[in-house]
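Below you will find one chain, with nothing else, as structure tokens; this is the form predicted on its own, and questions on how it binds or moves follow later.
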Amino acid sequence: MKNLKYFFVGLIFGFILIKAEVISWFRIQEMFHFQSFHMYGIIGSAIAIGALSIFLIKKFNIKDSSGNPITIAPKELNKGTVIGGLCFGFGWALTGACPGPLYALVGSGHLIILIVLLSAIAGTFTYGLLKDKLPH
């Protein structure tokens, strides 16, 4: 019952994704064909909100719900990050679905996305098996 609030936040977030047409295959294809600003505006807004959130967390030393300080480790840009980003982008362009809204797509009745979801899970599992052998 303690985590029920997170379930409802997830439901609300999924509803927002659907209403904002973020999960729309057509909107994603418009973005990759540079035909519409819609998705770029949403992604840009998310980046701005994320940057502001990180700034505020660091500036005011905000703590998590358990009272522990939130620490954000610095990230390194390396060859593996670039290769992974390219794979992610190609998968997104080919399927028309970012991993974020996959559950919302399935929940809204687009059951064909189950193939993409299972492929994403298989890719994550494969990465877990191979991560020590991949470029750093």
Partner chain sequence: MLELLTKPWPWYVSGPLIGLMVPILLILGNKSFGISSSLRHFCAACIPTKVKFFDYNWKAEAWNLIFVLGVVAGGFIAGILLKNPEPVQISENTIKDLQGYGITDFSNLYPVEIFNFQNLLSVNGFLFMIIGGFLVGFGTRYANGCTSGHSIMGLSNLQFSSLVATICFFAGGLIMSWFIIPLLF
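By rigid core we mean the largest C-alpha set that fits within 1.5 Å across both forms. In this text, all values refer to a predicted model and were calculated from it rather than measured experimentally. Numbering follows the first chain given and starts at 1.
Although not depicted, the form predicted in complex with its partner chain is the subject of the following passage.
task: Indicate whether F34 is a 4.5 Å heavy atom neighbour of its partner chain in the predicted complex.
output: Result yes; F34 sits at the interface with its partner chain in the predicted complex.
In the predicted complex, K75 touching its partner chain (heavy atom, 4.5 Å): Because a heavy atom of K75 falls inside 4.5 Å of its partner chain in the predicted complex, the answer is yes.
field: Partner proximity in the predicted complex: T71 to its partner chain, non-hydrogen atom cutoff 4.5 Å
entry: Flag for T71 set to yes.
query: Hey, in the predicted complex, is N61 touching its partner chain, heavy atoms inside 4.5 Å?
result: Taking the distances in the predicted complex, the answer for N61 is no, it never comes within 4.5 Å of its partner chain.
- request: Pull the contact list for 6-33: residues with a heavy atom within 4.5 Å of its partner chain in the predicted complex, in sequence order.
  value: Heavy-atom contacts to its partner chain in the predicted complex: Y6, F7, V9, G10, L11, I12, F13, G14, F15, I16, L17, I18, K19, A20, E21, I23, S24, W25, F26, R27, Q29, E30, M31, F32, H33.
Displaced residue check between the shown form and the other one: F55, CA, 2 Å or over, core reference: Yes, because once the rigid core is superposed, the C-alpha of F55 moves 2 Å or more between the shown form and the other one.
task: Note yes or no: does the Cα of Q35 move by 2 Å or more between the shown form and the other one after the core is superposed?
output: Q35 C-alpha, core-superposed: shift of less than 2 Å.
query: 2 Å or more on the CA of A46 between the shown form and the other one, with the rigid core superposed, yes or no?
result: Comparing forms between the shown form and the other one, the A46 CA shifts at least 2 Å.
query: Is the CA-CA spacing of K75 and V9 tighter or wider in the predicted complex than here, given a 3 Å or more change?
result: Their C-alpha distance shrinks by at least 3 Å in the predicted complex.
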